[in-house]
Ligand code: PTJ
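Next comes just one chain, in structure tokens: the form predicted alone.
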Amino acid sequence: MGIPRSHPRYQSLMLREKLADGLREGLVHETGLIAHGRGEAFDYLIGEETIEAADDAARVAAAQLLLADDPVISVNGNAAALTAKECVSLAKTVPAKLEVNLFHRSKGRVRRIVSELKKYGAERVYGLNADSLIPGLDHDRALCEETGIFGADVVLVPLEDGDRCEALKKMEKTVVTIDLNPLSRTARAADVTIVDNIVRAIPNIERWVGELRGKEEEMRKIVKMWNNEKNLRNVLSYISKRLNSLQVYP
């Protein structure tokens, strides 16, 4: 549909259209639309902008990726539909590997997401040749590649994915997540939670990668000082204060 740029909900409606296109193209599962709607509600609560707590988390995420020996960016259908180009750019900038990992998995859907990432310049995308299982998961999210997610020391898991986040933590991996819901199991289980829209968070991480590269001592200090629980409390405090300040009626 033609959405005029003058529409007050232009950006939000464009994201919905991207997901709808992704559904029609076989990238997005229908349940992904529900997940996006839940995230959109939380985006309203933070004002649809990157708040200070999210920027702080993106800075730590960049440090974790740069300090990692084998970082991997996990990509699902929603992430591919909304930020395929940005994920590829971030992976090249770090550099990090890309792996497709899906709950509602089919070989055809994995292939389509791999093709989408390659369309934006990804040279290799893991996930098609799953040869390992993440322990403790009884569904297709357990499927991964030994030289991808299974062997990674730091995994960026965009969008809500609680059980896999917990399973990766049990494998002693550092988990970075992007989740607009600060109350989710993913947000609380991850080492670094960026409470932001993925379309803002991925480029923001890449910006911090550029600013922190080569500053190893500073990055190690940033990681050491990070308190994810405190940051989530800051997000909830921000939301509470913002809601109390809003006038429901003019």
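On a predicted model such as this, the values are computed, not experimentally measured, just so you know. Just count from 1 along the sequence shown to find any residue number.
Just so it is clear, the following notes concern the form predicted together with the ligand, a form of the same protein that is not shown.
Choose one stretch from 56 to 64, 206 to 214, 35 to 43, 221 to 229: the one whose residues place a heavy atom within 4.5 angstroms of the ligand in the predicted bound form.
It is 35 to 43 that comes within 4.5 Å of the partner.
State the residue from 91, 125, 154, 82 whose non-hydrogen atoms include one within 4.5 Å of the ligand in the predicted bound form.
The residue in contact is 82.
Residue 120 versus the ligand, in the predicted bound form: is there a non-hydrogen atom within 4.5 Å?
Taking the distances in the predicted bound form, the answer for residue 120 is no, it never comes within 4.5 Å of the ligand.
Residue 180 versus the ligand, in the predicted bound form: is there a non-hydrogen atom within 4.5 Å?
Flag for residue 180 set to yes.
Residue-level contact is defined here as any heavy atom of the residue lying within 4.5 Å of the ligand in the predicted bound form; does residue 116 satisfy this criterion?
So residue 116 does not count as contacting the ligand.
Going by a heavy atom distance of 4.5 Å, is residue 161 a contact of the ligand in the predicted bound form?
Residue-level check for residue 161: yes, a contact with the ligand.
Neighbours of the ligand in the predicted bound form among 84 to 107 [non-hydrogen atom within 4.5 angstroms]
101, 102, 103, 104, in sequence order.
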